[in-house]
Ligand SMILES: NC(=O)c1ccc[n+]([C@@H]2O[C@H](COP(=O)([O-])OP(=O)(O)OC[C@H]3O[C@@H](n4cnc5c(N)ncnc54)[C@H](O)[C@@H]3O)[C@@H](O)[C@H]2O)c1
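Next up: just one chain, as structure tokens, the form predicted on its own.
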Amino acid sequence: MDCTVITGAGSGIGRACALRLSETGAPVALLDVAGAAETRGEVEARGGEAVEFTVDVTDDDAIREVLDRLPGNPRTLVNAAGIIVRKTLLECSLEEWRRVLDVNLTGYFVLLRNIVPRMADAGGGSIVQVASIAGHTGYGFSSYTASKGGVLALTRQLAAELAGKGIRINSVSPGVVESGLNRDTLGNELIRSATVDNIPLGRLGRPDDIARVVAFLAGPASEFVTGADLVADGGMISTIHWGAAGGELHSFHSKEQ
């Protein structure tokens, strides 16, 4: 029997991925430091099969033990665990920097190095890593931006490295999603309004918006896709945001030659 492994499955995008991927019929293994039991309950309420593990993705020994207890061969991995520290370079302490990089990048590495041999032995599989538009453009928080840029680079590096093992690896870069990670900032009406104003499609992302992209990249519909990143941000980084000057810019026609 095959199974799907999802980190950060206790909330937000990870939980949405668990609910979406459980629809394939394969059991889902839910990894998180908290909340995985609630996700398991939701999966089972929808008729899916799930097991949960309370584990820190940065703990190599603990992750190895978890993977030894999976309910089947790991054929899909979704690396979605993540944290954020909303501080600029000079505000961020060394401890904070290391913790963000540990969870958002080293945690992915820990899962990869432990699951790839198992996946290869099972005949191959698909890996999807949750990056961010922060990996494509400055996002205001140096540690988070650096970690997500690392996810993009690692994904590209591993595409050719893992192809011979029958393993595809891609990433998705969410924009601003209404989830626990952004609950603090989106609770500020000024920030919330400015964010929506900067999204051409006119709304915030939802966790399932990203889960649907993950399901595509993980599944057979993308069997010739590897080393790619799919941005799902409502168009946020597709354009320069001129604000109030935008209307003037696009309606201005100089008569002078």
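Nothing here was measured: the structure is a model prediction, and the numbers come from that model. Numbers for residues come from their place in the sequence shown, where the first is 1.
Although not depicted, the form predicted together with the ligand is the subject of the following passage.
- The stretch among 178-186, 153-161, 114-122, 89-97 whose residues place heavy atoms within 4.5 Å of the ligand in the predicted complex is 178-186.
- For the candidate set 228, 33, 26, 70, a heavy atom within 4.5 Å of the ligand in the predicted complex is found for exactly one residue, namely 33.
- Within 4.5 Å of any heavy atom of the ligand in the predicted complex lies no heavy atom of residue 234.
- Proximity of residue 13 to the ligand in the predicted complex falls within the 4.5 Å heavy atom cutoff.
- Contact check for residue 56: a heavy atom falls within 4.5 Å of the ligand in the predicted complex.
- Within this chain, residue 83 lines the site of the ligand in the predicted complex, having a heavy atom no more than 4.5 Å away.
- Contacts between stretch 128-160 and the ligand, counted in the predicted complex as any heavy atom lying within 4.5 Å, involve 130, 131, 132, 144, 148, listed in sequence order.
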